[in-house]
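The form predicted on its own is given below as one chain in structure tokens.
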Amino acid sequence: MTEKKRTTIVLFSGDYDKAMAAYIIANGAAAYDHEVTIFHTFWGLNALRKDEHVEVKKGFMEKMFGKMMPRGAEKLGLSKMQFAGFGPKMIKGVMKKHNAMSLEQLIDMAQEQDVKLVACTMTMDLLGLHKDELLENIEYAGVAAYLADAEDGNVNLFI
């Protein structure tokens, strides 16, 4: 019996299009029977934020980060063609016209395919994010856990 192939992705970017790419690749790899890990760090954590406001006790700087960062996958901006928020609306319109899955749907599909979604705990501390503010059924770990997954990876990506 052959050992299962492993794909690891570091999602550092908080851009909608880059997060889409990460999740498209992750879902494709999972469909090819790879063990897949997406390690969300810094701005990539915003893809895991819940859409709704969650009341948690925060200090001043934590509150400021929380207000400045997008809340949830569908509120992420584009890496190019932002156009004061009009760019994401345009791309989502084109995606809908072509029956492409949204980022939220890709995240759901990844969870259904047992893609390991990991939130970087060090970055959560730095940005003042609490577990209650993130999606259900994800894991929490530091860089050592990511490196352990990536060490035997057949595909390792940084997005």
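Each residue number is its position in the shown sequence, starting from 1. Quantities reported herein were computed from a predicted structural model and do not represent experimental measurements.
Quick note: we don't show the form predicted together with a further copy of the same chain, though the next part is all about it.
> Identify whether a further copy of the same chain in the predicted complex is within 4.5 Å of every residue in the set G28, L127 and A150, based on non-hydrogen atoms.
Yes, the whole trio is in contact, each within 4.5 Å by some heavy atom.
> Find out whether any non-hydrogen atom of K116 is located within 4.5 angstroms of a further copy of the same chain in the predicted complex, and reply yes or no.
So K116 does not count as contacting a further copy of the same chain.
> Answer with yes or no whether V54 is in contact with a further copy of the same chain in the predicted complex, where contact means some heavy atom within 4.5 Å.
Contact check for V54: no, nothing within 4.5 Å of a further copy of the same chain in the predicted complex.
> Heavy atoms within 4.5 Å of a further copy of the same chain in the predicted complex: does E62 have any?
Result yes; E62 sits at the interface with a further copy of the same chain in the predicted complex.
> Hey, in the predicted complex, is I24 touching a further copy of the same chain, heavy atoms inside 4.5 Å?
Flag for I24 set to yes.
> Scan 30 to 62 and note down the residues that get a heavy atom within 4.5 Å of a further copy of the same chain in the predicted complex; none is a fine answer too.
Y32, H34, F42, W43, G59, M61, E62, in sequence order.
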